[in-house]
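What follows is one chain in structure tokens, specifically the form predicted on its own.
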């Protein structure tokens, strides 16, 4: 029987900061790669480099888990894999539904990494009657009219929305009403959810726009360097774009 509805990860009750929670999957990915190579221990510096963070931040993050490593030896790889998996709730079965089986939804259904990371695709759901019954990744697509029954029958608490933007909020509302409390949103829109429901948004266009911003800045810096100086307008722009602590604010589309 599915257990996703009744068991929740322990991170919030343990007071682990959200920023640390967001980095735990990075550590787990790096540790899993080490485990697959039969590496028994790893230093904080090596693991931090593999995860793309600094070692001081890694050691602080691990202190929230109660792991401090052994001086001169480092961290036990297998134990950390277990410990982080447990904190993330990955030592149990999490049934997931994917709503919207277009190109993106079908690609997600075919992704082989779900099962190895504690997630089971319990159902694929689409509003197109012509899709009903068609197998995608070996799973027959079910019509959205049955969404609530599918959620209840499978004990689903995590839903993935891969619909067009115009349909996403209505799908979200139905998922929440049926008992889903965590949503991964691939639709290019912001969802409104009640308290107690977690939403993670994946927007590829925003990520590409941020990369375009950095590419434009690098091109400007290279042009300035070739001219022997930084244009005044660019210098003013740099200063204006920085926050009170000198940090670069997130770039959002207009």
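All values reported here derive from a predicted model rather than from experimental measurement. Between two forms, the rigid core is defined as the largest C-alpha subset superposing within 1.5 Å. Numbering follows the first chain given and starts at 1.
Another form, the form predicted together with the DNA, is not on view; read the next lines as being about it.
Open item on the list: Taking the DNA in the predicted bound form, would 120, 155 and 174 all count as contacting it (heavy atom within 4.5 Å)?
Closed with: No: no residue has a heavy atom within 4.5 Å of the partner.
- [ ] Let me know the one among 130, 115, 73, 165 whose heavy atoms come within 4.5 Å of the DNA in the predicted bound form, would you?
- [x] It is 73.
Task: Contact residue in the predicted bound form, from 60, 217, 29, 201 (heavy atom within 4.5 Å of the DNA) - done: For this set of options, the contacting one is 60.
- [ ] With the DNA left out here, work out from 32-40, 52-60, 205-213, 182-190 which stretch has heavy atoms within 4.5 Å of it in the predicted bound form.
- [x] Only one stretch passes the 4.5 Å heavy-atom test: 52-60.
Open item on the list: So in the predicted bound form, is the DNA close enough to residue 25 to count as touching (4.5 Å, heavy atoms)?
Closed with: Answer no; every heavy atom of residue 25 is more than 4.5 Å from the DNA in the predicted bound form.
Task: Core-aligned C-alpha movement of residue 37 between the shown form and the other one, 2 Å or more - done: No: residue 37 shifts by under 2 Å between the shown form and the other one.
Task: residue 214 C-alpha relocation of at least 2 Å between the shown form and the other one, rigid core basis - done: After core superposition, the C-alpha of residue 214 moves 2 Å or more between the shown form and the other one.
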